[in-house]
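Quick setup: one chain, the form predicted alone, written in structure tokens, and binding and motion questions come after.
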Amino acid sequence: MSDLVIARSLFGTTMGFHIIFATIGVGLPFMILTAELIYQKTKDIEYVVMAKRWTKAFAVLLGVGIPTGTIAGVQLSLLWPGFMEVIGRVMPLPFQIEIYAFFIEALFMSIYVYAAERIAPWMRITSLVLVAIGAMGSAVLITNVHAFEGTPAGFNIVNGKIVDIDPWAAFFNPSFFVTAGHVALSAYTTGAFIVATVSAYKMLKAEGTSRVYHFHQKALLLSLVVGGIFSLLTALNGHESAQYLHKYQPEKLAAAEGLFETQSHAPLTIGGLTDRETQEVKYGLEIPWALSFLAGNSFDTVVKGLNDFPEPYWPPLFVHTLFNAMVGVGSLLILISFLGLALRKVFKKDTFPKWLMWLYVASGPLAVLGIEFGWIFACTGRQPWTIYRILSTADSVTTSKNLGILFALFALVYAILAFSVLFVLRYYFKKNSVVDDLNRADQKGVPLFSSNS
């Protein structure tokens, strides 16, 4: 592989690994907050036990998310010096403000973990609200750099020099709000379905009349409500994202749909493989006129095809598959969440079919895969640019050699971290079972949150 491909692969692997912990680190605090709110309203002790157990899991995941995020920051500087030269002068605000967001998250999570039983209920809620805001703020701020890459603003380049710098115009670039919304909504969706995965699996293993079964059933229903709402909102936000692509990155939208010729009444192609030679999507299912409507809310909307752009500016055509995979996962999550809620609330079913339960077990990993598909699509679909139409990826990369060894070593580090996370989570929750926490919560004067810390 060329040094450019290795550099992209190394940074892509780092971000692909880090984004798992970053996404769950945004979604899980929201689930903790929701459980705590329900407990304060109903005084059902099982919800505070949920909050306690999810908090412990969040602490472990945060312990890995911090170093992997640090590695990503270091690699940005070492692998992409051309890119960081522009970012350092034009777009430093997200990195600076993110430090404060993380400080708020860490500080108030510590208060909640170690002082939950010694502070008033409103203080517990306030702590969790600030944790959720800090977690979301960190994700949105860092992702705003990605938004800037696709819709750069706040500067000009004259004779090769950066001039007319406006950091706030760069910060509030045209796609900031759409991208921020998509990141937050999809993270909340993922956090909910991670909970659904664990809850459904434990229900399958427990006796239907046991307290453990009913505990996880409550957690599953809560995750379906939260996951269903936010997966639907994510889809609606995705529609707005497609319209921004149509306006600001038309070749990316064309590659996502395998559209080669500019046309009105453009079809939306589901599935299939994009063929460069024949300039068509083989084996795909076309929905007539749908792409034009998605792009501009009108069937008459003219959607630009790839042939309107020089071929060196085309994104890799496999982004069509990534885009379809992302949309497919999101659609499945919407379907299974509302199906479960309908069975429970409308048809009054006390249990779900086993095939549906196994779908819930798979929903968490599928949500994470959906995040990965979306992230890779967003970054790969911008190629060959690091900053769209301004700075190419080839001009951004380091001139250092021997990156292959570094790639192999970091891949090994991530494999070890992944194993360690799974080992620690399994060890802790096996040692501290749901029954133990429920019994501890039932006893007066016995600490719950500070136990087994």
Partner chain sequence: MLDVYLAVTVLWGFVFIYAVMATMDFGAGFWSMFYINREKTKATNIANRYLSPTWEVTNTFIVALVVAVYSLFPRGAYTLGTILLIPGSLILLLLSIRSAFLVFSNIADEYKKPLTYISGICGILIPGLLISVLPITHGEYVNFSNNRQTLDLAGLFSSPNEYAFFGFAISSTLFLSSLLLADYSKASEEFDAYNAYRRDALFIGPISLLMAFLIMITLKSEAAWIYNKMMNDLPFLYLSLAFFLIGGLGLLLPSTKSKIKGWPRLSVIAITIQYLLASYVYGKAHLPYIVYPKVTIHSAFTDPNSFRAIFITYIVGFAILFPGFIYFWSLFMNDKRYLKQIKLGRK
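On a predicted model such as this, the values are computed, not experimentally measured, just so you know. Numbering follows the first chain given and starts at 1.
There is also a form predicted together with its partner chain; it is not shown, and the following applies to it.
- Although the partner is absent here, N307 sits far enough away that none of its heavy atoms falls within 4.5 Å of its partner chain in the predicted complex.
- Residue contact with its partner chain in the predicted complex: G150 places no heavy atom within 4.5 Å of it.
- Among heavy atoms of N156, none comes within 4.5 Å of its partner chain in the predicted complex.
- Among heavy atoms of T398, some come within 4.5 Å of its partner chain in the predicted complex.
- None of L356, I287, V129, A115 but one reaches within 4.5 angstroms of its partner chain in the predicted complex through a heavy atom, and that residue is A115.
- Taking F108, Y201, F352, W314 one by one, only a single residue has any non-hydrogen atom within 4.5 Å of its partner chain in the predicted complex, and it is F108.
- Note on the interface: of 343-351, 117-125, 359-367, 324-332, the segment with non-hydrogen atoms within 4.5 angstroms of its partner chain in the predicted complex is 117-125.
- Annotated contacts: I133, L220 and V434 are all free of its partner chain in the predicted complex [non-hydrogen atom within 4.5 angstroms].
- Using a 4.5 Å cut-off on any heavy atom, the residues of 409-432 that reach its partner chain in the predicted complex are, in sequence order, L409, F410, V413, I416, L417, S420, V421, F423, V424, Y427, Y428, K431.
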